[in-house]
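For reference, the chain that follows is the form predicted on its own, supplied as structure tokens.
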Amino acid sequence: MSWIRKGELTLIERLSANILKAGPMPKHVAFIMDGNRRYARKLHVERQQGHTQGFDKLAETLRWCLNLEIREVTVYAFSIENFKRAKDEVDGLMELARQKFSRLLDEQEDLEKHGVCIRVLGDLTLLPLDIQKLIAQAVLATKNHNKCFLNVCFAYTSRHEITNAVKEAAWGVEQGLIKPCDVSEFLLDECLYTSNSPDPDLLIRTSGEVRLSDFLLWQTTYSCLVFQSILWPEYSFWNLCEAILQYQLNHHALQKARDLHAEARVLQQLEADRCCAAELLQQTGLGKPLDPQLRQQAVQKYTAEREGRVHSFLTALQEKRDRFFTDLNKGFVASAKA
């Protein structure tokens, strides 16, 4: 099965899609694709077949999203917690990953046609080396595509991601790229695996479970959360439409909450800059007697310097992440030649 299933919507699906698109549409949808194992039990087949059917459903769902002009999709493909499952199931999931990322490399022409950029988010060092190399090749092969984005969270949990973001900020301080006082909500946001993506507008979980299971905890604070009872391999176009309708009904309140948070974050950063600038003035003996206009100039100067440091740090961080994939890809090419 291809990563994106070919085919058009039926007439009634197209009509329904056009009606939905008359309202506010989510630009980024995240899926917790739950229910593969229960689906296998329901059909009295092997668990691996349930996982395979789940991937096939992802391919179909991506086609629906493209037709609905949803340009970014993030999926919870494999949690770090899944490593605790039975060895045969984990091995089966790793083999499925090998097959699907190998297939992706065979479909580069199709992915280029649709402009699909594949990103794999998670602690890839936890995966077998051959899968790391396949992922690296897939990511590098599609990194310049920009029409739509598929983020595959693999060897991922949100707490692991947030912990890693803190470590990245600490690395920046150790390298002298930023100062401890530069660490803020904005900076940590940019240190997350998802730094190149907007937060999801809509998060959908199937199978009837009503928890996030450590998925995108930071990013979904102001997202519409929809929990559906359908098992993932049985997911339909109409289930997706129902979730989008829930998003539309709550869009105004969600957008208002996002706007208020964005304003509060700007004010919070401004206040932090004022405090840091005042502290520097006191250290240089230019504290209280200073003219208000000169104080404002000091704040502006500090803000510009902080933004410069943060920009340099984020550039270095992106280069470090890019090197991880390029080094893996070099190893892949070298082993292929051998």
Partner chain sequence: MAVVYEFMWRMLHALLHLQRTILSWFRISIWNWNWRLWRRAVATVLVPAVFGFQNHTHNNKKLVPGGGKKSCGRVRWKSDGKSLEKLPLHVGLLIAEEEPRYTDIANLVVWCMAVGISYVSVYDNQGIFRRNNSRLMDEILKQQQELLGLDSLKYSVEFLNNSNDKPEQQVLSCQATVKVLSPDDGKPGIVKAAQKFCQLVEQQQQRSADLDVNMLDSLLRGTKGMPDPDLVMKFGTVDSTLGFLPWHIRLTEIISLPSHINITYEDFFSALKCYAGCEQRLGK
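Positions refer to the first chain, counted from 1. Only a predicted model underlies this, so the values are computations on that prediction, with no experimental measurement involved.
Beyond what is shown, the protein has a form predicted in complex with its partner chain; the following relates to that form.
In short, of 217-225, 110-118, 140-148, 123-131 it is 217-225 that has heavy atoms within 4.5 Å of its partner chain in the model of the complex. Taking the partner from elsewhere, residue 10 is found to have every heavy atom lying beyond 4.5 Å of its partner chain in the model of the complex.
In the model of the complex, at least one heavy atom of residue 18 sits within 4.5 Å of a heavy atom of its partner chain. Within 4.5 Å of some heavy atom of its partner chain in the model of the complex lies at least one heavy atom of residue 169. Residue contact check for residue 250: one or more of its heavy atoms lie within 4.5 Å of its partner chain in the model of the complex. At a distance of at most 4.5 angstroms from its partner chain in the model of the complex, none of the three residues 194, 311 and 329 contributes a non-hydrogen atom. Residues 15, 18, 19, 20, 22, 23, 24, 34, 37, 38 of 14-41 are found to place at least one heavy atom within 4.5 Å of its partner chain in the model of the complex.
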